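Form predicted alone, single chain, as structure tokens, below.
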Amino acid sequence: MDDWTFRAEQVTKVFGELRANDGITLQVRPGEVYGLLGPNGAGKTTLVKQVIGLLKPSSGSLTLGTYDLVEDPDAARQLCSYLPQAQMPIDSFKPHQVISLTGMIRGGDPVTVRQRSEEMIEALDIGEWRDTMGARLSGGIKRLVGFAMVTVWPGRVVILDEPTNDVDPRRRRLLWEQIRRLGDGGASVFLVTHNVLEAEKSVDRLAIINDGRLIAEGTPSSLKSEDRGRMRLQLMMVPGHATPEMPAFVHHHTRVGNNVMAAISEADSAHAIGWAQELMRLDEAEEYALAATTLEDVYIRMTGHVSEDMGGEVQA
């Protein structure tokens, strides 16, 4: 079969009076890395559980090529690989053993799987823990082993729920390289994440889900199109100082710890810099930075939330 496109059509999942998913429609083509962004409780995990056959939609359809994943949940589990947000139960295994074992359980040729297992251990730079029992591994290394287990013999759809949790910055870069390779190898990759800034660099397209509904979809650049002409002013406040009163040219702002981020029009940049310098003169701010808007700013505007990796609340 040539067309392995994944399609969700008007997927709705109702629990009592709660509409966890409300008419979600999207598609992911082979070779795409597709981000699924949204705050806690937005409905991302509910959608994923329906894709892999653990939940049945109240209405709507989920298909992968010619396969109906709702009517054939066994096919869903065979064709989809899933890395949950929770750690894999690997305490009683060594990494090289459990990666190879998982690949063979998924139907991989033993020789090829063992070779691929060693390649992934090297690519993720976890060779020094190759023969260490899982119970002695750190959370970050367990996360990398779990990723290798899921992708050593990947399905047509690979779903990764917060794959970089607990992973150190250097190996996180290596992990993103492997995620990109999955797409280049022809898999449809679902990246479920709260980390908007990382997603912006790594996905081909993405959807933002909030309150069970898909509220935006497109490439990172297209989603930022409405914010063209705007800038982000970041103020590093002196610890203990309250958020200053916002001038009229600030569209909206957020505070995370001692950092205040304000959205302004590009035409107001000079006024914003002058205001920031005055706050520094008054010893209310320590420094400031002015930069182009990011996908984080779009996410804040559309959902009213700051991504989980930043924390904080939006203030109008």
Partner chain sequence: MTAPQAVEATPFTVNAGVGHWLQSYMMMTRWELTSLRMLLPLIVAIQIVIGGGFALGVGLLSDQMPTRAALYLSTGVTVVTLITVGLVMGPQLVANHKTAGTYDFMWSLPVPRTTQAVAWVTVNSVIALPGMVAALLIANWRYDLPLQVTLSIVPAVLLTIVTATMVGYAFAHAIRKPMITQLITTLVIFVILGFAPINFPPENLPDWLATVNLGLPFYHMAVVMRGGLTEGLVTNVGISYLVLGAYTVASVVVAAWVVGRRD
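All values derive from a computational prediction rather than experimental measurement. Residue numbers count along the first chain shown, from 1.
Not pictured, yet referred to below: the form predicted in complex with its partner chain.
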Answer key: of Ala187, Ala199, Ile209, Leu235, within 4.5 Å of its partner chain in the predicted bound form (heavy atoms) is Ala187
Residue within 4.5 Å of its partner chain in the predicted bound form by heavy atom, from Arg230, Lys94, Arg172, Arg213, is Lys94
Considering its partner chain in the predicted bound form, find the one stretch among 214-222, 199-207, 94-102, 239-247 with heavy atoms no farther than 4.5 Å from it. 94-102
Its partner chain in the predicted bound form reached by all of Asn195, Glu226 and Met302, non-hydrogen atom within 4.5 Å: no
If you check in the predicted bound form, is Val152 within 4.5 Å of its partner chain, heavy atoms only? yes
Check whether Gln178 has any heavy atom within 4.5 Å of a heavy atom of its partner chain in the predicted bound form, and answer yes or no. yes
4.5 angstroms heavy atom contact with its partner chain in the predicted bound form for Lys56: yes
Ala86: touches its partner chain in the predicted bound form, heavy atom cutoff 4.5 angstroms: yes
